[in-house]
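Just the one chain here, laid out as structure tokens, in the form predicted alone.
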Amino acid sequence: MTTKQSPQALNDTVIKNGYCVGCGACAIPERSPFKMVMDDYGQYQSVLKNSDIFATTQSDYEKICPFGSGALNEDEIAKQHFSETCKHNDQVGYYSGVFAGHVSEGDFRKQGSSGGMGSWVLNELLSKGLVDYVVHVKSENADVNLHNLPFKYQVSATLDETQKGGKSRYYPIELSEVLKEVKNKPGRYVVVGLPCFIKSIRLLQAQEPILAERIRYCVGLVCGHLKSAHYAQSLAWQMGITPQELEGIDFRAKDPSQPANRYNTYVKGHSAEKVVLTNQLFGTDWGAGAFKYKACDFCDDVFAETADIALGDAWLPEYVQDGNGTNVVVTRNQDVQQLITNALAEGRLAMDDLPVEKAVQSQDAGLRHRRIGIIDRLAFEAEAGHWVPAKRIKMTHRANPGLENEKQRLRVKMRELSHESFNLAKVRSDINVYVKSMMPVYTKYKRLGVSLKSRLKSKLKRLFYGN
């Protein structure tokens, strides 16, 4: 009886309370009562389409949703897959190898957002015969250039097809369509995804033997948060290309003459193309969280802890000055580890071994937001009497004091206001409606950040030098 009630339970908890991240896992089982739709905020969300929920399915939906009450957490899933061969770190999860570097061979690094390791790993798995197909995000029409909208999950079988999925896509996507294709098409697959998406795949594999058999590897992306479609539109609109005109975007166009964190945004409209330094555009401060899914504020996985390999940017002083890009890499699967080891010996990769603490340092801001700030955000929801998903951090932890607590409140406010004000801007055909609505909150947030840094410096000075 519990299994047959789970669609309604998932709807009443995760979906109705805004914690759906749009992964599409709940829409994949046979006769699923859920479907994925793009909402008014430009986010994929699950909708309970079938009122006859008790007769449609035998799947347990709360156990396949990454935010569902019955789902295993990241520690529990990863332990099943990696505990026998890996060490464990509280921030990174399980790991067998930790590296920083880039691809030396071919154009992988040039065509990637960072060091080129994403496309390289997928190509190695294909070329070494470990998989037959790659499931990844690229332009809907594979014959057009890399930047064209919309983006969606697709299946690739060749290096040429795979490389069309290179680069970061800060854009909403969902898995239900492509995983139905995986179920219908025999073969061995590797899937690329954000931490919550990889988690949903692991949860699906526990209930769907065909996915457990066919999906052989998961490549995870180190994640800050997922953006709505309006994020891309807001950047283009500031560059003079309206949402109606926008045809394509490159969120991270490299400039090798600049540090890796000073990249450009390229947009293409019906009759114009523009390139602007990204940090000159409003809303690109990742910490502020404009156009973020609410679910992302309640995820505590940065390093894609359930994936066989996690790839991100090496935001470390010794690497960030290289504008060509450098990856931080965490391996957990022995096959993938061996691919990297062999390529290093052959000179096809330029990689340094990293202490796991350096990997943590490379994602310091994201980890603080996900592992410390989440205490406040859970408290805000609980204080309002709202349902919250179960997390690895316990609600018994004390909220952060004073200014830190206020910083989280402002981040929540900016997340909510960005969605609302941009919709109003579209109604009024004026991007300034969005910018002017957000600016007072963002200004207060930045001033608060200065105050926090000043207090931290004073605290450190007293610690090391006395009063």
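Note that residue numbering begins at 1 and tracks the sequence as displayed. Everything quoted here is computed from the prediction, not taken from an experiment.
Although it is not shown, the form predicted together with a small molecule is what the next lines describe.
task = Could you tell me which stretch in 346-354, 125-133, 225-233, 383-391 has residues with non-hydrogen atoms within 4.5 Å of the small molecule in the model of the complex?
result = Contact criterion met by 225-233 only.
query = Which listed residue (Gly283, Gly248, Gly97, Gly165) meets the criterion of a heavy atom within 4.5 Å of the small molecule in the model of the complex?
reply = Filtering the options by heavy-atom distance leaves Gly165.
request  = State the residue from Ala71, Val92, Leu311, Ala290 whose non-hydrogen atoms include one within 4.5 Å of the small molecule in the model of the complex.
outcome  = Selected option: Leu311.
request  = Would you check, heavy atoms only and a 4.5 Å threshold, whether Val137 touches the small molecule in the model of the complex?
outcome  = Close contact exists here: in the model of the complex, Val137 approaches the small molecule to within 4.5 Å, heavy atoms only.
message = Taking the small molecule as it sits in the model of the complex, is Arg252 in contact with it (heavy atom to heavy atom, 4.5 Å or less)?
response = Flag for Arg252 set to yes.
message = With a cut-off of 4.5 Å between heavy atoms, is Ile173 one of the residues that contacts the small molecule in the model of the complex?
response = Contact check for Ile173: yes, within 4.5 Å of the small molecule in the model of the complex.
inquiry  = Please determine whether Gln238 contacts the small molecule in the model of the complex, using a 4.5 Å cut-off between heavy atoms.
reply    = Because no heavy atom of Gln238 falls inside 4.5 Å of the small molecule in the model of the complex, the answer is no.
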